[in-house]
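In structure tokens, the next block holds one chain alone, the form predicted alone.
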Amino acid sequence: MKVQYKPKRNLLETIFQVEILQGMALTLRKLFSPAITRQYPQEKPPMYPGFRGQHALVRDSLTNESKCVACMRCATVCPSRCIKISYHEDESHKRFVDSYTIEALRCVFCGFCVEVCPVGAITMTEVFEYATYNRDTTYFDKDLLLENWDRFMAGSGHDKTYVNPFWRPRGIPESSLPAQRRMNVPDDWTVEKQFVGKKATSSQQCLTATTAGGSH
């Protein structure tokens, strides 16, 4: 690696302290430029698709309970091991969740738990204002996670069928998605429009070739 040093100042630059003048000129320019700060909390920031905010368990509109089926995928994939689940099985080996806890202070907000959930039971809402002086309030149990969902539904204006289309994995054909994730989404979230960046064309061609090869 080549190290490039700053050119040595000449006598005039040393006498007139050119760097100080340059810094003052920059300060003067910024003094009269338009403000770029947001007057929070009066001005709320816009929420973009896939914002990773407060955790919540999605409430099933039929049973009024969590949609979680205790498949343990979220707890398994979590890199910070902040999700703990306990469950029991009935005679038919159907699982029922006894407890579901998330230690939010350990969470790295990667969103893996939401992506791997086959039934859309766990989500990350658009709520970001939950700073607290009490550590216990960031330890979400099953009831608190359901309450987070209820508050999000009441304040966001979404209906109970809300699913953030961002959590639909990119580049995966709909036929390979779980039934709960096969939903109507905007055109820009379909397979054809999910490719972004410079490698979009080559990636789409690879997917098309793979799909065509698997159909034979």
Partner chain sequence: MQILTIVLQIAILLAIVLLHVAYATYFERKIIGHMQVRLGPMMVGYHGLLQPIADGIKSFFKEDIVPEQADRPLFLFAPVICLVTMLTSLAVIPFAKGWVLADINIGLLFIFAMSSLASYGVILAGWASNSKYTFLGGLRSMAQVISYELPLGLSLVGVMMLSGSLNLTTIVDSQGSSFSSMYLFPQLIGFFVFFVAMLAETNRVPFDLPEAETELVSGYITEYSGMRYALFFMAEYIGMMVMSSIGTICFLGGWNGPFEVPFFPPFWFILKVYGFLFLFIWIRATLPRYRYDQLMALGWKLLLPLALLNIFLTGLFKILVH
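Positions refer to the first chain, counted from 1. All of these numbers come straight from a predicted model, not from anything done at the bench.
We do not show the form predicted together with its partner chain, though everything after this point is about it.
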Item to check | Answer range among 30 to 38, 148 to 156, 63 to 71, 50 to 58 for contact with its partner chain, defined in the predicted complex as heavy atoms within 4.5 Å | outcome: 30 to 38
Item to check | Distance check, M24 to its partner chain in the predicted complex, heavy atom within 4.5 Å | outcome: yes
Checklist entry - Could you tell me if I20 has a non-hydrogen atom within 4.5 Å of its partner chain in the predicted complex? => result yes
